[in-house]
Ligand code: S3P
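A single chain, nothing else alongside it, follows as structure tokens in the form predicted alone.
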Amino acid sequence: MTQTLEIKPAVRARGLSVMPGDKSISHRALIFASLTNGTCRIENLATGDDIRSTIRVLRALGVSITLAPDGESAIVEGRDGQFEKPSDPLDCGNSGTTMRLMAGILAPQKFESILTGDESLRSRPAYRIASVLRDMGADISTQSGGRPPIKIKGTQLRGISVKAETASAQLKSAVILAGLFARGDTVYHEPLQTRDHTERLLHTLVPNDLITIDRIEKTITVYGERLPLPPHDIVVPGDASSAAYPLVLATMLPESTCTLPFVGMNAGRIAFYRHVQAMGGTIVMTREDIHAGQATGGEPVGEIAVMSAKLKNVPVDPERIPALIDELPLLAVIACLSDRPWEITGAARLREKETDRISATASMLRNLGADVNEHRDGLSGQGGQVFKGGTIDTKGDHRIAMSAAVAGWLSSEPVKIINSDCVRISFPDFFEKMADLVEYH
């Protein structure tokens, strides 16, 4: 049974809120720990369903993972990158990150495996990762339309030069992981710079020995056949995408202020914050001591302080879309309420997420009374609009659910959210955390 939740209009947001561990980094920390030759400890692990999917898949491959009762820390026993043949298809749930990154790990193994997932995941394209891995020598096949399940027959991979046509951190990470097993060097060329959690973590674990990063040329070179990785301990920073929701609420509601400690400040994750600042937002980001990066796998962290502000829409740089991709539904929410017309372009990949997020975002905003135009690769509309309440069916998309909740607190009338419990995918205690900040009449 799906959960329906009613959100009432709020008057202000105040307080301090600690964000869950970063989902993207948690996936990678678990996978890299399995490639070591020892015991690894991961603290502040994300606890959403997507991370549980990665844990489930790794356990099915023989990896010992011991979780704390609250799920926020884990002890992982590395397997040198040599896994056990699974007895059943590997269920990735709703997690595209799990499926794509594990494809890079499984392609060079000495057994056959199948990666599958729920109905939503099986509807998303997998042809890009399959095509690149085939170029590296993988024996990999997909279903009709290049969609999952993905069938992989393990084989020896070779290092190649990859010029990606699409900016995708997941595709890049899968190639980097496969490159660790390959014979020879693998060079990955990005069309636009994407999130760099994978290469940061590798470079922190084994500086200058496994990977070379050229940020000017947007290339990453991976040196093959150098596993296993050394064992390590990591503290996962707070999730920057999760922090966007209280940040927006404190910005948009009058007389509001919010503090968010120990949030990841990777340049590839704070593009949304920078855009809100450009719109006139009062956001102060204070980085912690530079040495904290070693404990966090090379990731910068810091505190974010937010105060109320009047926003005006400014152009969205298409080159920053890859760094804004998760926050675009939320950006559309505040764009409708801010001064001046707005437009988001270059975001066609949103149609390949848990839902068609361009269509889902347009539907959400229209159901709230907003006038929005839907385009092939984005959205546009007028500023200065007012949300009048309504009912939103999330279709199981956690980003739509959380964006709809923020819109509800900013609306003039209550908003009902159908299937609100899908937030468990990335931010299980979203509504509890936000309730601690929100004040009503």
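Throughout, we count residues from 1 along the sequence that is shown. It should be emphasised that the depicted structure is a prediction, and the values quoted were computed from it without experimental measurement.
As for the form predicted in complex with shikimate-3-phosphate (S3P), it is not shown, yet the points below apply to it.
Visitor: Pick from 181-189, 243-251, 161-169, 221-229: which stretch has a heavy atom within 4.5 Å of shikimate-3-phosphate (S3P) in the model of the complex?
Guide: Result of the contact check: 161-169.
Visitor: Is shikimate-3-phosphate (S3P) close enough to 24, 97 and 325 in the model of the complex that each of the three has a heavy atom within 4.5 Å of it?
Guide: Checking in the model of the complex: 24, 97 and 325 are all within 4.5 Å of shikimate-3-phosphate (S3P).
Visitor: How about residue 274: is it within 4.5 Å of shikimate-3-phosphate (S3P) in the model of the complex, going by heavy atoms?
Guide: Result no; residue 274 lies far from shikimate-3-phosphate (S3P) in the model of the complex.
Visitor: So, residue 349 and shikimate-3-phosphate (S3P): in the model of the complex, are they within 4.5 Å at any heavy atom pair?
Guide: Result yes; residue 349 sits at the interface with shikimate-3-phosphate (S3P) in the model of the complex.
Visitor: Within 4.5 Å, heavy atoms only: does residue 353 come near shikimate-3-phosphate (S3P) in the model of the complex?
Guide: Answer yes; at least one heavy atom of residue 353 falls within 4.5 Å of shikimate-3-phosphate (S3P) in the model of the complex.
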